[in-house]
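A lone chain, given as structure tokens: the form predicted on its own.
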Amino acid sequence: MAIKFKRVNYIYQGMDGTPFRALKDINLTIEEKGEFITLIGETGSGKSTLVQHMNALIKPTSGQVEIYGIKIEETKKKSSKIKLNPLRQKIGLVFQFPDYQLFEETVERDIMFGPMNFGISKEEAKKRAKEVIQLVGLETGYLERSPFNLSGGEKKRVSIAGILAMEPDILVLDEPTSGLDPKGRDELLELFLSIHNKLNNTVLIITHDMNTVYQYASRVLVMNDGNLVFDGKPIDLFASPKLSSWNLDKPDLIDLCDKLSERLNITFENYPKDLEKVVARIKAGYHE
């Protein structure tokens, strides 16, 4: 167990000064290795607030977050004196907007900043920068470029490289594919899956895309009005009668299969994850 939430609540002041309860009695455990998790829910449901607790960017109003054995409690308690850098090295958080993380003159210096801040030598940080820039699918020539002259997709990759250079055990990404075209989205998701498979670390992605959940996740978390209302396998989520009450849609392939089952009287014992298998099942149905 790497991260454990125990009845965590978080309250902040709204724009009009009214207290708003963003998290409500959250109980959750995240493992260190092997999980590919998606976190979904409507805008304002508490997703970003939840992940900011995972590396103690914010602390609970009440309850407790335990991160690698270190107990993080409300700010007034003794956890406010805990040194948080070691925890943040283990839990790498990539923000939705890469400009929040890019500030150095060159890509190389940007990537090196995190490791050197954690005590890594300049030589080792340079070595890591060269390794991770290639891991995120960019050539080493990018290291000499200014991060501010890159495309949106390239900036996202560089911001991810900067986190990977710190060698986190858990990689948390806040809507990393937002603003990308379908090709760029798919390339980035395949990159995350490749990193997950290569490093055997846990990856947690905040997303609004149900197709991403269905195609990639081994586990899905659903937030609704500050509550964690589902924690399980994607296929169980999309079979849940509560899906519409959480304002979630089915993935395109599952929706297609359901419509085919209804109109053509074709059954699917297991929902396929690619269109070719759907076509093959239709052809088989006409020959039975």
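When you see a residue number, it is the position in the sequence shown, counting from 1. Predicted, not measured: the structure shown is a model, and the values here were computed from it.
Another form exists, predicted in complex with a small molecule; not displayed. Remarks below refer to it.
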| query | finding |
| --- | --- |
| Close approach of D209 to the small molecule in the predicted complex, 4.5 Å, heavy atom | no |
| Distance check, E42 to the small molecule in the predicted complex, heavy atom within 4.5 Å | yes |
| Non-hydrogen atom contact T140 with the small molecule in the predicted complex at 4.5 angstroms | no |
| N227 within 4.5 Å of the small molecule in the predicted complex, heavy atoms | no |
| Interface segment, criterion being heavy atoms within 4.5 Å of the small molecule in the predicted complex, picked from 63-71, 43-51, 24-32, 244-252 | 43-51 |
| Triple contact flag Y12, F20 and Q96 to the small molecule in the predicted complex, non-hydrogen atom at 4.5 angstroms | yes |
| One residue of D169, E154, E175, E108 in contact with the small molecule, assessed in the predicted complex (non-hydrogen atom, 4.5 angstroms) | E175 |
